[in-house]
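In structure tokens, one chain follows: the form predicted on its own.
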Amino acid sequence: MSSEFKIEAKALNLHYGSFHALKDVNLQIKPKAITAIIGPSGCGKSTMLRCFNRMNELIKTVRVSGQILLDGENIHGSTVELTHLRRRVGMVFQRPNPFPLSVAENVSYGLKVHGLTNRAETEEIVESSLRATNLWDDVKDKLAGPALALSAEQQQRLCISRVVAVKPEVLLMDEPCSALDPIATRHIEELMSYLAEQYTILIVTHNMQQAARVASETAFMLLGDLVEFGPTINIFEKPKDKRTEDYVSGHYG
């Protein structure tokens, strides 16, 4: 199946037990662009992000209804293999989470999970993945050293390299700069803009200025509802909903 949108959510609902966390969300994500999801704490941003690679299913009380389409195919379909889905839709978390392994072993970890054993090919992918995140020059002489010895920004770049190594199509980023200082944040934002030439990127952020800087489209969520979605400039300068206007102007949340 094919679609002009990389991801589509149709009447998406999610419950944590009796709590209705996402309410009839409809969303269309364009390929090879950055889409930001903004809103106050507890509004459902991260929950929605995790729907796109079915991470929420790790929680026993979760119930999901509606559809999520990836290139027009329902990701909850009976023929969808979860491991393959999470290879296509990778995730970068709020805080850098390198494994207690070497730099090279961190990047190659996913390759081994997916069955790649050829050493030369693995080394080539490790280098290309570190180059893709502009980390290669910093760590090329430290590949056998511990990843946990890197700076916070380098660790986050390493985690992005680990995701990129398995050649995903979509990058989900959940507050990827929240643990970084302003200079490191700017570097990661520049990296996101570069990666968007190759990947579809969805970013959850509390930083509205960050959304305005990096995203071509922005979704505003409130209490589980998708209140407004459209070009970022419209969300911030010409919002259609009073709730959006109140939030982006600082009068709410």
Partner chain sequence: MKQDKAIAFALMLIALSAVSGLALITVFIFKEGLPLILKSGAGGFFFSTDWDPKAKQFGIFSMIVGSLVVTAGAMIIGTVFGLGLAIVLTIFCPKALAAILKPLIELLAGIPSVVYGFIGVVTIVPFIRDYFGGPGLSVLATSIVLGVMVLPTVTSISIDALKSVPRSYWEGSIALGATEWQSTHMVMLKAARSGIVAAIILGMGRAVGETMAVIMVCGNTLEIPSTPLDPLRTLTSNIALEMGYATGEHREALFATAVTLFVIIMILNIAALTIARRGIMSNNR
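Residue numbers count along the first chain shown, from 1. Nothing here was measured: the structure is a model prediction, and the numbers come from that model.
Here the subject shifts to the form predicted in complex with its partner chain, a form of this protein not shown in this document.
Note on the partner interface in the predicted bound form: the residue among N97, S128, N134, N74 having a heavy atom within 4.5 angstroms of its partner chain is N97. Only one of L101, V80, L116, A179 comes within 4.5 Å of its partner chain in the predicted bound form through a heavy atom, and that residue is L101. Comparing 32-40, 49-57, 195-203, 216-224 against its partner chain in the predicted bound form, the single stretch with non-hydrogen atoms within 4.5 angstroms of it is 49-57.
Within 4.5 Å of its partner chain in the predicted bound form, a heavy atom is found for every one of F93, Y109 and K112.
Its partner chain in the predicted bound form comes within 4.5 Å of no heavy atom belonging to M173. Its partner chain in the predicted bound form comes within 4.5 Å of no heavy atom belonging to T122. By the criterion of a heavy atom within 4.5 Å, R157 is excluded from the residues contacting its partner chain in the predicted bound form.
Residues of 148-162 lying near its partner chain in the predicted bound form, listed in sequence order, are L148, Q155, R162, the criterion being any heavy atom within 4.5 Å.
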